[in-house]
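Given as structure tokens, the chain that follows is alone and in the form predicted on its own.
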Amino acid sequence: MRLLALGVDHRSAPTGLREALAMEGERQREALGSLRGVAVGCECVILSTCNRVELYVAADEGVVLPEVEELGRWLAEFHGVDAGVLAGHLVAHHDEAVVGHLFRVAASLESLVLGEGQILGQVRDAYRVAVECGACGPIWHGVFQRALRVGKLVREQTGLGAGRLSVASVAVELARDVFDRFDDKTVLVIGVGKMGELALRHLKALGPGRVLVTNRGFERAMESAERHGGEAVPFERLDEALGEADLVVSTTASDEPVVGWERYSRLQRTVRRGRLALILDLAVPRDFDPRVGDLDQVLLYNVDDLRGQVERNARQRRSQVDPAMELVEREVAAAIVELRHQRQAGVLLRQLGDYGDAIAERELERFLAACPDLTEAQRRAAERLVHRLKNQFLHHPRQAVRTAAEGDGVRLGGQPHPLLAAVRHLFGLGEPEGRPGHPG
């Protein structure tokens, strides 16, 4: 049994190259079909995200695993990328190291943003597509299913994924702490630059009753509002929008404050009649006069307040790396044991099959030689009888071997199940040859 993972990630390759290698939807399915033409008889999975593109290839006994150079050439040719350039960025993992790498990827320990939550779903999707395309077999079934369990365990048992790591997402989490519901709330976003667009994407998860979008350039406000299901408001009607908004997210690039203390104080006293307002000033320099936060029923947070929370969240995640790594390492060790037991059981099952075939063929030849006058139909009936007897005789030993390989190695401290040795002894089968350093 041989395993290989080959590809590029955010550390080994620039963004442009990763984008050139990306595969989604039908392109991913097409790639799997093409890859299996190179990795003949192998199990294949392709993981493609914005930060990594990786080929996972497994070969069972008797199947030749392609060389790294061959897979690298295929990847370059499939995407029309210069093979020489790509080769300098490819990273390969072999055999047991593949399992450790995949488990760390699923646990987001290899992600650009430590603890990010998307990667687990992306690993699940890659595995699902491979299964649907018939590219997955018993090796990757076991490894990927276990990787998904590990990723989930890390999120459940450590704080690695806790806390948001962008100012916009922290702002939205803060809004959740202030308001208990949003279906009756009006949200106003001032400015539709990069930060404003990011805020609108995060705000959508709150399910607010109304989303107002305003910008000095009204055309951009309309385009942004249409993308995010909001209502565009002319910048000249900002006071009207501020009077309606329960939550304000301001992200302009103005050199001077957009809303002064007197302006908002008047709105809060007259139009808003003292209703609670949460203002998230993400602009640098600030859009709101800091004194606005001193008004009754007004909560004002600026970007420095939120960055402090981002850094605290980041420190919390970093503190959970060691516990997460310990959990992953335990699961990797268990998975390696399981792979070895699967390989040992697979070899023994093939030995049993060969043993039964040899006896069946030998005895069938003797019987047919002793009965030369049998008709063709009688000869075929004799062949079927012999092979049915062989399969019935080996059914229970085969089932026992399969059962012994399913997790008992972990329970037995990594040692082979004694039943495997017993079956070899009872049937007079030799010991299989193993290769150090490989799962098999």
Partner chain sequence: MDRLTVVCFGGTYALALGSELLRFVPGLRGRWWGWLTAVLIGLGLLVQTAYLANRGREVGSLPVTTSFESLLAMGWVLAAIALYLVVRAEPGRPSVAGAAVLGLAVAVLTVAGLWAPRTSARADWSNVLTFWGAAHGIFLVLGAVSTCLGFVFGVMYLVQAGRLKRKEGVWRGVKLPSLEQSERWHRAAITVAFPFLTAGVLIGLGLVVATQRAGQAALRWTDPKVVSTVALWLVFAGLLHARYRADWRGRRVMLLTVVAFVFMAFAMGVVGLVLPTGHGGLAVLGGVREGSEAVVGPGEAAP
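Not measured: the values here are computed from a predicted model. Numbering follows the first chain given and starts at 1.
Beyond what is shown, the protein has a form predicted together with the partner chain; the following relates to that form.
**Student:** So, V91, S111 and K204: all three within 4.5 Å of the partner chain in the model of the complex by heavy atoms, or not?
**Tutor:** No, the whole trio is out of contact, none within 4.5 Å by any heavy atom.
**Student:** If we define contact as a non-hydrogen atom of the residue within 4.5 angstroms of the partner, is R312 a contact of the partner chain in the model of the complex?
**Tutor:** Yes - in the model of the complex, heavy atoms of R312 and the partner chain come within 4.5 Å of each other.
**Student:** Whether T158 contacts the partner chain in the model of the complex should be assessed with a 4.5 Å heavy atom distance threshold; does it?
**Tutor:** Yes.
**Student:** Just to confirm, R266 within 4.5 Å of the partner chain in the model of the complex by heavy atoms?
**Tutor:** Close contact is absent here: in the model of the complex, R266 is far from the partner chain, nothing within 4.5 Å, heavy atoms only.
**Student:** Report yes if any heavy atom of K185 sits within 4.5 Å of a heavy atom of the partner chain in the model of the complex; otherwise report no.
**Tutor:** Yes.
**Student:** The partner chain isn't shown here, but in the model of the complex which of D296, D82, E256, E219 has a heavy atom within 4.5 Å of it?
**Tutor:** That would be D296.
**Student:** Which one of D322, E236, E365, D177 is close to the partner chain in the model of the complex, taking close to mean a heavy atom within 4.5 Å?
**Tutor:** Here the answer is residue option D177.
**Student:** Which one, 100-108, 210-218, 196-204, 286-294, holds residues whose non-hydrogen atoms are within 4.5 Å of the partner chain in the model of the complex?
**Tutor:** After filtering at 4.5 Å, what remains is 286-294.
**Student:** If we check the partner chain in the model of the complex, which of the residues in 262-277 reach within 4.5 angstroms of it by a non-hydrogen atom?
**Tutor:** Contacting residues: R273, G274, R275, L276.
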